[in-house]
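Take a look at this single chain in structure tokens; it is the form predicted on its own.
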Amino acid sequence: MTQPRPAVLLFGPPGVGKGTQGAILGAIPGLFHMSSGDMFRSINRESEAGRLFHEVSSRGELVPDELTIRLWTQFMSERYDGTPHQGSVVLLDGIPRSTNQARLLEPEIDVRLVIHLVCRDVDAMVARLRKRAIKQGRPDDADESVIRRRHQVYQQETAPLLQYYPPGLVREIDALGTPLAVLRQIVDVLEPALRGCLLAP
């Protein structure tokens, strides 16, 4: 059995900036960024899993836990070779999304830090998601009612994860600033938490 990979979780509601920060941090040597959004969008729409994903996502709901973890395992096996050069620490963006998913992932990851991106302005996050969906040519993701439903599901099913992990692992980050200002806050908590995990380039 392989050892669990050191991991950092990017945590927060839809539209808070997890993907933006994950993409930036994933360029740091030793960090491997794994986005659940990229994972789900890579599924063949005509496959059974693809049809199920598009069915539940169009309602703003979560993909069933067992399917999510199965897809995550497959996605990681295809893209992550486990070498320190590629990434000695996995940066998870958008997964786990429930306490059950967190339990299912425990044999795979050793969570060293939970970066909780905080923004209490739901309207700002909804506007950000609509703008992004339109810009990326995904009009089905621009439905405001679906976006607000995703926020409700987040509060009901994903936010309780903050109580699942030890309080000492969770660091709150103000997500309302510019990407650079948010990144500065993240680096301040990330570097001490990963000291000794990342190899010099």
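We number the residues from 1 along the sequence you see. Only a predicted model underlies this, so the values are computations on that prediction, with no experimental measurement involved.
Same protein, other form: the form predicted together with adenosine monophosphate, not shown, and the subject of what follows.
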Check your understanding: Looking in the model of the complex, is adenosine monophosphate within 4.5 angstroms of a heavy atom from every one of Gly37, Phe40 and Arg150?
Key -> yes
Review point. At the 4.5 Å heavy atom threshold, is Ile173 in contact with adenosine monophosphate in the model of the complex?
Key: no
Check your understanding: Should Phe32 be classed as touching adenosine monophosphate in the model of the complex when contacts are defined as heavy atoms within 4.5 Å?
Key -> no
**Study point:** Partner contact for Arg97 in the model of the complex: adenosine monophosphate, 4.5 angstroms, heavy atom
**Key:** yes
Exercise for review: May I ask you to state whether Glu61 is within 4.5 Å of adenosine monophosphate in the model of the complex, using heavy atom distances?
Suggested key: yes
Exercise for review: Can you tell me which bits of 101-115 touch adenosine monophosphate in the model of the complex, meaning any heavy atom within 4.5 Å?
Suggested key: Gln101
